[in-house]
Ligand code: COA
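Take a look at this one chain, the form predicted on its own, written out in structure tokens.
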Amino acid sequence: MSDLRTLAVVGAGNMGSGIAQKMATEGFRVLLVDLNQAAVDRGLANIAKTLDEGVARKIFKPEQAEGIKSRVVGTTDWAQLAAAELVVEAVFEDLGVKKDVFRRLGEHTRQDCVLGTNTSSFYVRDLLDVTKHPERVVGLHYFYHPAKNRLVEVIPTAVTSKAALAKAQAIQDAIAKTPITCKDAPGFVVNRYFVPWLNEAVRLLEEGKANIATVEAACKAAFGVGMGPFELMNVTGVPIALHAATTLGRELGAFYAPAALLAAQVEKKAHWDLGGDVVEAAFDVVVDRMAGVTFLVAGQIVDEGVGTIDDVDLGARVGLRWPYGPFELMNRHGVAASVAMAASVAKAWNLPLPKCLAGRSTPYTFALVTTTVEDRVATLTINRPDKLNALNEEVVGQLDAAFRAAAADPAVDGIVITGKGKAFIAGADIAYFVERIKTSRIPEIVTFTRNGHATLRAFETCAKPVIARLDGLSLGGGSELALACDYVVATKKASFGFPETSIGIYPGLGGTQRLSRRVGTALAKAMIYTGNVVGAEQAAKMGLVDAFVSHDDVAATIAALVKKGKPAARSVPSAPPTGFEAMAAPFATVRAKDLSAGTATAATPDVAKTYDRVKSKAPVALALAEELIEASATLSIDAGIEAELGNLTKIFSTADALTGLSAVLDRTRPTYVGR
């Protein structure tokens, strides 16, 4: 028996095999169960094909793909399910078949095993009457393709235990999913508005308001999507759209029922013809209807408590890959105008306007930082997973407010900072910087950074221990924020990196000061000059991570650190950490100007290659980073921060800063001119 944690999936079709692949990708042993060996073999073949494609696209190394395959065990022996702590039922949408599965699960699973259903058409509660332990049943609605799409809707029933729900959510985090919790209601959150969006496009065609090409073009422009509704139906299956609309119509009424033309298209067994002329004069009619339907349903979801405003928008951005969710779209279109669109649709169908829309004219706000308190520990979660939790003015403002509230709360003994999704914090929002450089608003960047420094200094001066919990990618400003915490707790998924000199700037949120206080100036230069990312295990050996632990041990580790209290203040060590002397040595005496000019003398061929890579970095950024890192040896942390702030206008005014930052957005390789 493997010592890996075991999960299971029942149903080896496209969804089931994809869910199993994702679980195995994140390090779990997975049982893929079906009724016969032929079905199991097809599921394993699907996984192998997807992984081979990933290797071809360089998403996985060949050995990684082989490791994932080795962790998926195909079987028809349901008795093996006794090893699983979570079983996900992923058979096709037939309630009778699903009930049969849940009857068998009651016979073959242990009493603490969570039973999940991937249903998209039925209530989760429909399965409770055949389950011996209904308190451990939860809905887990994954989105296609589940090995790639990060969204999962977690749906408790009225009798789901807190322990089962907590375990289900924790496992979704562990398999790098982005969970949103929603009520057991038709369509849950995302399909509740996405299916009517598809259906309304067909109604517009049916009514002769616009042809398919016009609807596609108008939706792409208004919603910022890559594919319009008809192309999406062609890709995902027109019958699936009909089935989903039929289900919603049966449960929620005529407004949700499928358009007659949608049923006719399924009868024809054909894709939609996307050809034709685009009639821009019809755009307003199309947008008013498509947006109005989306806004109306989004409001219903919130009014009914199916999901929050944040859930609705996060579901769109992560699950549908829309650039903006419905409520942010309302803000962008103008809330009063958006409410009028929704009201027009509601009137046409004799529906009430949702209370969260009625009379609204001010923009909606979003919780980009959430706070939970458990066992006297406050956890502040940056909730922007689709943007890898990148820092902008709103995030920093909400983080500062949440932190100061937790610091002042007598019921809180320690504070944890973490991020939702696959990243801790992937730095600052690059688009924010580029926009302000292009519009000559660099002083706003300085103010934004100064505010960030104030928050990070509040971490350090707080009487309560502050802990960074890293369970994913950390770059730039994210690594800088982590280093401002008293302790860093990291799992194997975590990483540290300072890529700023590669994109035309230097670490300006304390990176040139706090990094050297952890690893010394030479190793700090090595990390900042090269921009190399280090994994959590290596970071722990360096001293960047205070506790390198398994996902299961994070909570206990954090509790122990809170009990331990604040650590002693750090000063710059005189030598690099043991074992990293060779990494630091090439940067102990070399000058940044010589690296940029390509005239630095290398002791070995490997060092020469490293110097050659650094030569491609922005020269002004390297020179300023050198100056600031060296100053950290003698400056107090406050003086060092002022030194970083004092050079921001200079660095963001360079042509190289705009070139490097723009290259990130354009996905191109920058060429620097040194000014």
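All residue numbers are counted from 1 along the displayed sequence. It should be emphasised that the depicted structure is a prediction, and the values quoted were computed from it without experimental measurement.
There is another form of this protein, the form predicted together with coenzyme A (COA), and it is not shown here; the text below is about that form.
Q: Which one, 210, 503, 309, 399, lies within 4.5 Å of coenzyme A (COA) in the predicted bound form by heavy atoms?
A: Exactly one residue meets the criterion: 503.
Q: Since exactly one of 299, 326, 419, 427 fits, which has a heavy atom within 4.5 Å of coenzyme A (COA) in the predicted bound form?
A: Among 299, 326, 419, 427, a heavy atom within 4.5 Å of coenzyme A (COA) in the predicted bound form occurs only for 427.
Q: Please tell me whether the candidate spot formed by 390, 664 and 667 is one where all three residues come within 4.5 Å of coenzyme A (COA) in the predicted bound form (heavy atoms).
A: Judged in the predicted bound form, 390, 664 and 667 all sit within 4.5 Å of coenzyme A (COA).
Q: Counting only non-hydrogen atoms and a 4.5 angstroms cut-off, does residue 588 reach coenzyme A (COA) in the predicted bound form?
A: No, residue 588 stays farther than 4.5 Å from coenzyme A (COA) in the predicted bound form.
Q: Any of the heavy atoms of residue 321 lying within 4.5 Å of coenzyme A (COA) in the predicted bound form?
A: Residue 321: yes, in contact with coenzyme A (COA) in the predicted bound form.
Q: Even though the partner isn't displayed, in the predicted bound form is residue 473 close enough to coenzyme A (COA), meaning a heavy atom within 4.5 Å?
A: Result yes; residue 473 sits at the interface with coenzyme A (COA) in the predicted bound form.
Q: Residue-level contact is defined here as any heavy atom of the residue lying within 4.5 Å of coenzyme A (COA) in the predicted bound form; does residue 431 satisfy this criterion?
A: Residue-level check for residue 431: yes, a contact with coenzyme A (COA).
Q: Taking the partner as it appears in the predicted bound form, which of 91 to 99, 165 to 173, 419 to 427, 124 to 132 has residues with heavy atoms within 4.5 Å of coenzyme A (COA)?
A: Only one stretch passes the 4.5 Å heavy-atom test: 419 to 427.
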